[in-house]
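The data below hold one chain only, encoded as structure tokens and taken in the form predicted on its own.
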Amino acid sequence: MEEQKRLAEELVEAKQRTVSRSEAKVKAETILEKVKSIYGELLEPREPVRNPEEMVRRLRQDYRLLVDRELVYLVVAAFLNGRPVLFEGPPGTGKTEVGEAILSLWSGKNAFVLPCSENYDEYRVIGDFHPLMAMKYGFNEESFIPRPLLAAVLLDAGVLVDEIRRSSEEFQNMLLDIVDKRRIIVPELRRVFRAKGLGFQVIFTSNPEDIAQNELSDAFLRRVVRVKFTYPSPEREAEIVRMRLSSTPRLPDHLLSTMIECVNELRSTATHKPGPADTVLWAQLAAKMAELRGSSTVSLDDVVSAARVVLFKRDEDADTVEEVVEKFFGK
């Protein structure tokens, strides 16, 4: 009799374990289906690119980005070693654009971009419960709303964390723990979500000169691969601008050279230092003005008019910018 009772209890426990595993599987599928429903169409899946040479070529061809081979090799090596990457440098040097493009090529899906601020926390990037749904269904998978970081883990996509210094040290440490262990724990759901492929990689960006920021901890800096971004040489900057401009209207070489001389002087004298992105925008606006006038060539007036829109960023730089523009363009 005792033996039969023991066997019956073991059978009940086995059934309960089977039911628990089945429920867990259903819950996992519920979250994954939500993620696919919310974010799936935004990713535009394609074949991953993980060869550095091919990545350099595709960055130029698909994204019109001129990226050093050494930088691409460093990033790929870091990914293969399970390390996140930190792009550091002044604004406008391409950190965000290059990082997003590399992550998208690597995973074969459009990267998620998290623009940091001081109030960023796990609820904004991992997930939270919808108040009305939680009242109806309780705090469970039904009412849980997945956010981009959890989506990236489940969909094997890359994440660009923009301006990481603007977030708290607590948030930075949380991100590093997730990247290190390649998993996200959601205590409220009693669930652990794990990254199952190589596509989930993280690139941080940082502008050390930004005054609205926190310091990065020693623990953070030890665990990332730091890659420096600087202003390009005049020749390389001219190549970048040419690559981002359409062929018509034509921007004469002498005007482009003078524009680059102008921004280089402002980088040493103005509070807001224009980056290559500003030079590109300056050239694009000047070209668009020429096109609107029906001209096939960008004129000096087009360049000067566009300069007064692009280069004036802060009131305290107004006189400096005016003097530099007049110095180089005589207007």
Partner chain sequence: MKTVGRGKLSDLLIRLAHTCRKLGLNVGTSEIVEAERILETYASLKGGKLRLAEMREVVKAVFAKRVHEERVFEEAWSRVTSSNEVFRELLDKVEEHLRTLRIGYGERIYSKRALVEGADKATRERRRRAYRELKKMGIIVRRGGREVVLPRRAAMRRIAEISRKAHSASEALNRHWLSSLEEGRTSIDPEMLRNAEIPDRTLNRLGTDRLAELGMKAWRVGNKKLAYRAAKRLASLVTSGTLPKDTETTIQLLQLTGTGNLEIYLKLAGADPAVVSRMAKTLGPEVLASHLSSLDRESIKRVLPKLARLLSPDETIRLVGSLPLDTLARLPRSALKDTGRANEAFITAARHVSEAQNLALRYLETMNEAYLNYALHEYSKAKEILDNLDPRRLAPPLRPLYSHVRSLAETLGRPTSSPRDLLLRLAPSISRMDLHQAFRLLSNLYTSPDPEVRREAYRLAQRIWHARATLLKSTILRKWRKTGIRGRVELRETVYRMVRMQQEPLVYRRRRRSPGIVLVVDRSGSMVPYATWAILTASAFSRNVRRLILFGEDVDVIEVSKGPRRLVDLLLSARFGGYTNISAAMLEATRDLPPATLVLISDLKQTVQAESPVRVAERLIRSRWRIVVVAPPSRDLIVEEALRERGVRVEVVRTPWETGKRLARYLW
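This is a predicted model, so every value here is computed, not measured. Positions refer to the first chain, counted from 1.
If you look for the form predicted in complex with its partner chain, you will not find it shown, but the lines that follow are about it.
In the predicted bound form, no residue of the candidate spot (Lys109, Asp253 and Pro276) has a heavy atom lying within 4.5 Å of its partner chain.
Ser217 belongs to the set of residues with a heavy atom inside 4.5 Å of its partner chain in the predicted bound form. Residue contact check for Arg182: none of its heavy atoms lie within 4.5 Å of its partner chain in the predicted bound form.
Within this chain, Tyr73 lines the site of its partner chain in the predicted bound form, having a heavy atom no more than 4.5 Å away. Taking the partner from the other structure, its partner chain in the predicted bound form has no heavy atom within 4.5 Å of any heavy atom of Asp162. The candidate stretches are 153 to 161, 114 to 122, 256 to 264, 232 to 240, and the one lying within 4.5 Å of its partner chain in the predicted bound form by heavy atoms is 114 to 122.
A heavy atom within 4.5 Å of its partner chain in the predicted bound form is found for exactly one of Arg46, Arg69, Arg293, Arg57: Arg69. Contacts with its partner chain in the predicted bound form, taken as any heavy atom within 4.5 Å, map to no residue of 283 to 309.
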